[in-house]
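Only one chain is included here, represented as structure tokens and corresponding to the form predicted alone.
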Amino acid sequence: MNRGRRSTRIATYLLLLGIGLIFAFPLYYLIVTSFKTKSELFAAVPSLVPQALNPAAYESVLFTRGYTGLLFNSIVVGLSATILAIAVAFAICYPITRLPASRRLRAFVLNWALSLRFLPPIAVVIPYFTIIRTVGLYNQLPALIVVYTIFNLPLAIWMLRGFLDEIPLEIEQAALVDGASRWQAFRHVLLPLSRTAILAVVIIVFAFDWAEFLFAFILTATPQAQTFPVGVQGLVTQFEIIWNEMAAGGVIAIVIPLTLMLIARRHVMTGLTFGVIREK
């Protein structure tokens, strides 16, 4: 019996190791490619290990091509849209979870939020483009912030709603009985208890904002407002594909969200699983 369990455990570990290698290999090859020279890129036999760690591709992407400004745009747009989405999501979720609300109202609000993501981005990008140009926000960062907020608001609403449903109402009611106002109870009781959910929503929504390409590509035209993914796409020209610089751009693009995800992975998993079992 013990031998059978041991064999099953070893087989499970080997299977997980194989799956991990399959998923890790593209990332490894991306990093390796970013350090290769052009002669190595076009060698007859591709190599899995570069001859030397050549940072020229990173220098070209960040400094020669001036993509540092695009990186700054991505950070500004991502953080602004994330903060705005969380603020709006709290304003929507608080009344339907902490105040007396009928099931019909809750279902209407949640279904409305979900309907914002029913259509794929390609189906709504042209109407957004028309509206943005009409109001005079084309090729400006505020346009991307508003669009990203609208597009990722449903995710923030559903995540926050699942977490707020798990916080007992009696905790806030006790604060109200002790003389606290609704705002004081929200600020000093609910917000501290929601830190895990807020952190999870921040990381997930920021990752979606950071990686978004279609809206940034259509709604911007110059480096003044373009984001980093749009700049990396510009490395594909009609004459060549600059593989090592594209790989360097890919590595730079995944460093920030991947680092945030690794640092706060426990909080993210906790925030994602709140409210998935029980429904009130």
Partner chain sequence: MRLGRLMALLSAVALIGSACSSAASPAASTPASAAASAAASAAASAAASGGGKLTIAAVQGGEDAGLKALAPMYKAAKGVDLQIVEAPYDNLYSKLVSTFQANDSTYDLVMMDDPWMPKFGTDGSLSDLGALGISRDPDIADVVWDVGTWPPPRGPVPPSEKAKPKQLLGVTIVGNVEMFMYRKDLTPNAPASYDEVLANAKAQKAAGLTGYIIRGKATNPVVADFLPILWSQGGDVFDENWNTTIDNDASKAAINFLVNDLKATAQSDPGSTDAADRDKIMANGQGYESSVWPGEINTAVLDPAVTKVKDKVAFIPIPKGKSGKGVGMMGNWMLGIPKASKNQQAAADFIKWMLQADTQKTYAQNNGIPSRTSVLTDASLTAANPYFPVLAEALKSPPNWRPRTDQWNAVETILGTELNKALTGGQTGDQAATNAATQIRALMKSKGYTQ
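Numbering follows the first chain given and starts at 1. From a predicted model like this one, the values you see are computed outputs, not experimental measurements.
What comes next is about the form predicted together with its partner chain, which is not displayed.
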item	value
Ile203, Pro257 and Leu262 all contacting its partner chain in the predicted bound form, non-hydrogen atom within 4.5 Å	no
Arg195, heavy atom within 4.5 angstroms of its partner chain in the predicted bound form	yes
Interface membership of Met246, its partner chain in the predicted bound form, 4.5 Å heavy atom rule	no
Non-hydrogen atom contact Gln226 with its partner chain in the predicted bound form at 4.5 angstroms	yes
4.5 Å heavy atom contact, Asn54 and its partner chain in the predicted bound form	no
Selected contact from Leu79, Leu105, Val125, Leu114, since only one has a non-hydrogen atom within 4.5 angstroms of its partner chain in the predicted bound form	Leu79
In the predicted bound form, the residue from Ile252, Ala211, Leu30, Leu41 that sits within 4.5 Å of its partner chain by heavy atoms	Leu41
Partner-facing stretch of 147-155, 91-99, 130-138, 170-178, counted where any non-hydrogen atom is within 4.5 angstroms of its partner chain in the predicted bound form	130-138
Any residue of 229-243 that, in the predicted bound form, places a heavy atom within 4.5 Å of its partner chain	Gln233, Gly234, Leu235, Val236, Thr237, Gln238, Phe239, Glu240, Ile241
